[in-house]
Every structure is written in structure tokens, then in C-alpha cells.
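As C-alpha cells, one chain now follows by itself in the form predicted alone.
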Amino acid sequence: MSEAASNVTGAWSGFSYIVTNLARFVRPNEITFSGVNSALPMLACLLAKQAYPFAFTYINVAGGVDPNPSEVPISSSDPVLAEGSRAIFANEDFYDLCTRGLMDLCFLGAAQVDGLGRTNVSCIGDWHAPRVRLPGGGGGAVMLPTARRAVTWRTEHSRRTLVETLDFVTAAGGMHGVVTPIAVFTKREGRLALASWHPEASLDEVRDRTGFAFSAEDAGPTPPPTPEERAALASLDPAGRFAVDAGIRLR
């Protein structure tokens, strides 16, 4: 289903599913951060500002604090994301907030996630002779262990991204949730557990496509997007360029 059709019918595309369910992790009166190479969490934070009837502080890696950008850029690091800000933050300020226990929610990327909520953004394969060399921990290695909650996302739900054993443990400690095109996981009793799944998928499909074992107690189909969520996402991506650029497929 196209993104335009999903906005009319209230159904989920893979793109709208990830962005909206990332936004649903935002809570009132908290400080929330989106980082580099994080267009979907950037959209999620901007969506939450429009769709939800509560205040929260949004900080982004471009340095903006509750910005009012003149446009929504493709890059989550674009300086336009600092326009209209109440203040400007430098990189060291993000880390300082985290290490002082004042960052409530961080959206941090990952190439692999295991059932304990640990992440790999270092390499695929053996460290000494990797098949793929990844960018490395960067801020995530500091922020995942120190933020009160961290949430990641994968545009592909498969056993090569949601794994039993990481090829390399880059960061651990604060993972709270994971969103994919077909599922939402949250941390319970030290492990990721299924919170809900895409209505066009099934519990069996989620299990089959996930490399680690998980509890599905109390899980069910994800509630559909609200009119406010649909309207906010449509206003942020009216031409569907983010949806096309993300290239997210349910299967």
C-alpha cells in the first residue's frame, strides 16, 4: 500500500509504522534526542510535537532545542533543524546531559540488536577480518548506557539484524525499545519482549523473522494511527519523499 493510501485509510505502511511507533515512545515533559543518520526518529519527534497534546523538549544532533525549521530536511544533521531554537547545543552538551542522568529518551541507530538490547555498529563478521566495517560507536557508545531510555529502529526485520549473537558488542545498558516495519519490542525483565505487531503480519511471522527468542505475553496487533498522527506525518512528508527514500518493505 502506498503512503498516500495509508494516510486515507488509516492503514500502516512500513514507513508510517516505524515513524509513528517511534513517536509513541515520547513522553510528556521529557527531554528527547535524535542523532546523526536518523531521519525516521527526526520525523517521529516532529510528529510528536504536532500530534500529541503535551509538551516535551526535543534536542537534535544539529544543535537545535525545540526548533521551528522552515522545512523538513532529508538529513537529520541539517542546520535547518536549529532554526527557531530556544538554545543551541554542542555535541558535548548531549553527552553531558546523558552522563548526568538528565536525558530521558535517545533515538540511536544500530546495525544489529540482540535479545538483551545490546547493539552492534562496529563490524559485521570477525573484528580482525570483517566482511563489513561499520561507522563505530560514536555517541551511541556513551548515550546507550547513560540515557534513561534508548530506542532503536531497523528498516529491515530479519534474522541478520535481530540476532541471537552480535558480531561485536558496541554498546549496552539502556535499550528500552526497538521498532521494525512489522513489530514493536520493549524491554521487560532484562530482555526485549514483543509489545505489538503490524496488523498485516502475525505473531508467527515475527517469530520466524527474529533471530532471538522473545516473550509475546499480552502482545497483539498495533493500534492504528490516530487522525492526528496521520495528519502530522502527511504535513511533514506531503510529497512522500521520505517514504520513497526509506524504501521500507513489510516483506
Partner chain sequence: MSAGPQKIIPLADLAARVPDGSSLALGGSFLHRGPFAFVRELIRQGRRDLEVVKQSPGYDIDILCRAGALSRARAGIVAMEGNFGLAPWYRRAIESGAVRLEEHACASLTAGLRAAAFGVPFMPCGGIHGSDLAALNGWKTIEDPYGSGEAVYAIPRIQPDFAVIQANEVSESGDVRVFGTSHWDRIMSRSAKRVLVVAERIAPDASFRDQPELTLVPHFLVEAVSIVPNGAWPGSLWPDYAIDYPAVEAYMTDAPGVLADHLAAGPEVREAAHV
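Computed from a predicted structure; not experimentally measured. Numbering follows the first chain given and starts at 1.
The same protein also exists as the form predicted together with its partner chain; that form is not shown, yet it is the one meant from here on.
- For the three marked residues, 83, 90 and 97, a heavy atom of each sits within 4.5 Å of its partner chain in the model of the complex.
- For its partner chain in the model of the complex, the listed stretch (203-211, 217-225, 183-191, 35-43) containing residues with heavy atoms inside 4.5 Å is 35-43.
- Under a 4.5 angstroms non-hydrogen atom cutoff, its partner chain in the model of the complex has residue 145 among its neighbouring residues.
- Remark: residue 133 counts among the residues lining its partner chain in the model of the complex, judged by a heavy atom distance of 4.5 Å or less.
- At a distance threshold of 4.5 angstroms between non-hydrogen atoms, residue 77 is in contact with its partner chain in the model of the complex.
- Although the partner is absent here, residue 57 is a contact residue: one of its heavy atoms lies within 4.5 angstroms of its partner chain in the model of the complex.
- Along 228-251, one residue reaches a heavy atom to within 4.5 Å of its partner chain in the model of the complex: 245.
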